[in-house]
Ligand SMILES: C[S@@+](CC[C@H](N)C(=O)[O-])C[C@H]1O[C@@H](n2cnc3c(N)ncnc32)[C@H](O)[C@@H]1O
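As C-alpha cells, one chain now follows by itself in the form predicted on its own.
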Amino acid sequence: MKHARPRYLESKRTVDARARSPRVRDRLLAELPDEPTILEAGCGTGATVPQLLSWGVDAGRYRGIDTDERIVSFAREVRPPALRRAGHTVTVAGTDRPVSRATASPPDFAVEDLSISFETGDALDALESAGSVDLVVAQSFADLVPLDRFVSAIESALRPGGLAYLPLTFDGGTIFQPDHPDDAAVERAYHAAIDDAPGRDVRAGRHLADKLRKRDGDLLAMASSDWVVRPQDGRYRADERYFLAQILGFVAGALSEAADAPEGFDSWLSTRWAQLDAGTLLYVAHQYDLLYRAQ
C-alpha cells in the first residue's frame, strides 16, 4: 500500500480538515509558544504549513521530513505559490529576511515570520537526532511505524515541556456503507493484512495513547477524528472521489496478496466500485487525535 502519492495526499486534505478535533487543536494552540520550532514526521506534500498558518502560527521554524523524494520535491514546488495565492507573503531562501530561531538547516522559504524547509530522510532518525524542539507533528503516521521506537523518538526530540501533536492516528475501524454481507469478513482480513506488515499496528491510536500515558509526560488531550467521506446528491466534495477510489485500491491491494482473503471478496469489491461510480458509497475510518507534553 503506497500512500505517498501527491494526488492522494492532496485529495485527502478536505477529509483531514473535517476530521481533526477542534478541542485537541485548541489545547495545542493554548500550550504552544509564540515562535515554536516545529518538526513534522512524514510531512507529505507540506499541507500542515497552510493549516498552521490558518491557526495563527506564523512565526518560528518549521522543518518537514519525508522519506519520498518525489513528495518532498512536490512540496517545495507547489507549496510556496499556493501560499502566495492564499494571500501570504512568501520569501525564498537566500534573501536578507530575518528568520526567528533559525537552525543550521537553511529554510527553503519563509511565510511571514515562519521559516520552512522540506527534507528527504527517515523521520524517526530525524526525531532521534533533532535535539530540542517545541512541537513534533506526526499526522496519519503512528500506524506506519513501530510504536515503541516512535514514542522514544518523540521524547528524544522534544525539549522539556515540548508538545507532540499526533492527529488522524488510525485505530482499527474501516466502514463502508451501504451494508454488504461480507463487510465484517473483509474488514477483518484487511486489518490482519495491515498488522502483518512490519512495524504496522491497525489499532495504533489506542496503543499510542496507552504508551504515552505510561511516560513521564502528560497526555493532555485525546479525541476521535474519524474520516467521513459521503456523497451529496450523488457527488463527492473536491477530489474526494479520487481519495475514496484510492482507499478501495489499498483494500484490494492488501487482500490480493493475503492468503486468507474472504471467499466473497471479489463480489464485495465489485459492488463497492459500482457504488462509488454511482455516487452512493460512504466511507468511515476510525481515528484519534492526541496531544502529549514532555516532562
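Quick caveat: nothing in here was measured; it's all calculated off a predicted structure. A residue's number is simply how far along the shown sequence it sits, counting from 1.
The same protein has a further form, the form predicted in complex with the ligand, not shown here; the description that follows concerns it.
When the ligand is considered in the predicted bound form, Phe170 lies well away from it, no heavy atom lying within 4.5 Å. Within this chain, Leu144 lines the site of the ligand in the predicted bound form, having a heavy atom no more than 4.5 Å away.
Not displayed here, the ligand is kept clear of Val15 by more than 4.5 Å at the level of heavy atoms in the predicted bound form. None of the heavy atoms of Pro36 is located within 4.5 Å of the ligand in the predicted bound form.
Think of it this way: in the predicted bound form, the ligand has a heavy atom of just one of Val251, Val49, Cys43, Leu244 within 4.5 Å, and the residue is Cys43.
Residue Thr67 is the only one of Ser270, Ser256, Thr67, Ser54 with a heavy atom lying within 4.5 Å of the ligand in the predicted bound form.
Residues placing heavy atoms within 4.5 Å of the ligand in the predicted bound form fall in a single listed stretch, namely 116 to 124, out of 153 to 161, 116 to 124, 204 to 212, 181 to 189.
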